[in-house]
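In the structure tokens that follow, a single protein chain appears in two forms: structure 1, then structure 2.
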Structure 1
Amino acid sequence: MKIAIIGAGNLGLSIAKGVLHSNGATTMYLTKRNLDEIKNFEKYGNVTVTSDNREAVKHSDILIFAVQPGHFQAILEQVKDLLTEKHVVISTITGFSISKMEETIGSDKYIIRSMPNTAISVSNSMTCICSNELGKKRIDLAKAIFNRMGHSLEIPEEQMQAATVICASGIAFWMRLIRATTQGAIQLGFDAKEAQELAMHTCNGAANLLIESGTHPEEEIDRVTTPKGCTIEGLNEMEHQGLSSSLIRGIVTSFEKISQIRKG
């Protein structure tokens, strides 16, 4: 597979690491204007680092765009005459619709819209995808690419904004919960490194328990909460302080902000 990542910033580089981590490409082009931060990727024999988006497009089949929303239109204009039937155009851009992409490059291109997260760098991204009409013919290919670097789910395009909050911003939300747990563990006497180790692996265990068993979180909570025990006492205090409510309100606020980014 010949992959180009146009816009090797926070997300683009995470994808690049995921591709390398999963041996997912025969060749990979990484582009950005200032190459200082990504020059070291050329130590991998099959990686080319360049500021020339057109060169990257010419030499690749799978084009993953990971630039800021405000830059995307101009970059599509820059490369559109090079796009052929060999190319699959995969956007990760927040709030940029498929129809807007079609207006620029045409509906006769394979277009996939995706929403990965930065855990793609360790092949653990939850990635939501959808496509244009023609892109349906390449959706299995896109799923295969993202499944090598985590787990993917095809969703209707209307849900892409919600997926952005839950999956992409979600990494930051979970990090904050892990950080808060770590601070609690330090207060209980663990040193900082051990405290984070306990928090991370317990978080991982909770998620894997649900993934492997298919159970509902409350069912697992019931197994932990001994009557009159310490778990229910702690959980109830967290809820009195608004744990679930503040998470839900934060998620909805993020969602409303994406609508503004879209309009902007």
Structure 2
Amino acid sequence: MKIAIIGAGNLGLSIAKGVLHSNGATTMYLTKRNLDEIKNFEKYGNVTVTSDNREAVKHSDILIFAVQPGHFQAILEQVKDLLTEKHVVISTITGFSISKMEETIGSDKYIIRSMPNTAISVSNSMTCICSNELGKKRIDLAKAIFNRMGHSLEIPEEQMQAATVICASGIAFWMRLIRATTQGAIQLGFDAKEAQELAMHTCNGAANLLIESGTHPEEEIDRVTTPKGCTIEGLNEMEHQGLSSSLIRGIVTSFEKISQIRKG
């Protein structure tokens, strides 16, 4: 695959690393205004760094845009005359709709929206993907790219805002739960480093149990709760204090806020 990443900032470079480490590109172009920050990527041999977006588009088939939202429209205008039937346009820009992209470059292009989260930097992102009608023919290609850096899921575009809350904001929600578990472990006598290690790896194990087994969370809870035991007593106290309802209310509040921002 001939891939260009237009906008090699934190997200763009995380995607580049994921693709390169899995040998997912025959050639790659990285664009950025300040080339000094990305020169070291030339060590891969098949990577060209440039500040010329048009050069990158000319020599690539898959175009992944990871620029600031305020710059995206102008960059699309800058390169639209170079786009051909071979190009697949993949946007990672939050809030920039497919219809808006089509207005600029045309509905006769393969257009895909993606929403990775920050765990893409450790190849463990949950990335949601949607496309225009023509882009459906290339959706498996986009999923293959993002599956190299975690897991991807195709959803309707109208669910992208909700996915932003669950997957992107969700990283912060899970971090807070891990921090709370860490604090509890410290109170029980572990030092801070040990406490965080226990919390992180237990959280990771819980998620992987569900991923690997395909079971419902309550099934796994039943495996570790015994009558009159410490686990069920702890769970019930958490629920009495509003654990589940607080988390759900926080998710809904976050979604209401992102909906207001889009209307504004």
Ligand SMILES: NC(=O)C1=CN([C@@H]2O[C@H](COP(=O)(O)OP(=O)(O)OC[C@H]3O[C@@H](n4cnc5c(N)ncnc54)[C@H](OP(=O)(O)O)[C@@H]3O)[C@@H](O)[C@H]2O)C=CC1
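Just so we're on the same page, residue numbers count up from 1 along structure 1's sequence. Please read these numbers as outputs of a predicted model, since none were measured by experiment.
Of structures 1 and 2, select the one representing the form predicted alone. Structure 2, not 1.
Is D81 in the same rigid part as Q161, if the chain's motion between the two structures is treated as two parts? Answer is no, each lies in a different rigid part.
Smaller rigid part versus larger: rotation angle between the two structures, in whole degrees? Value: 14 degrees, smaller part relative to larger.
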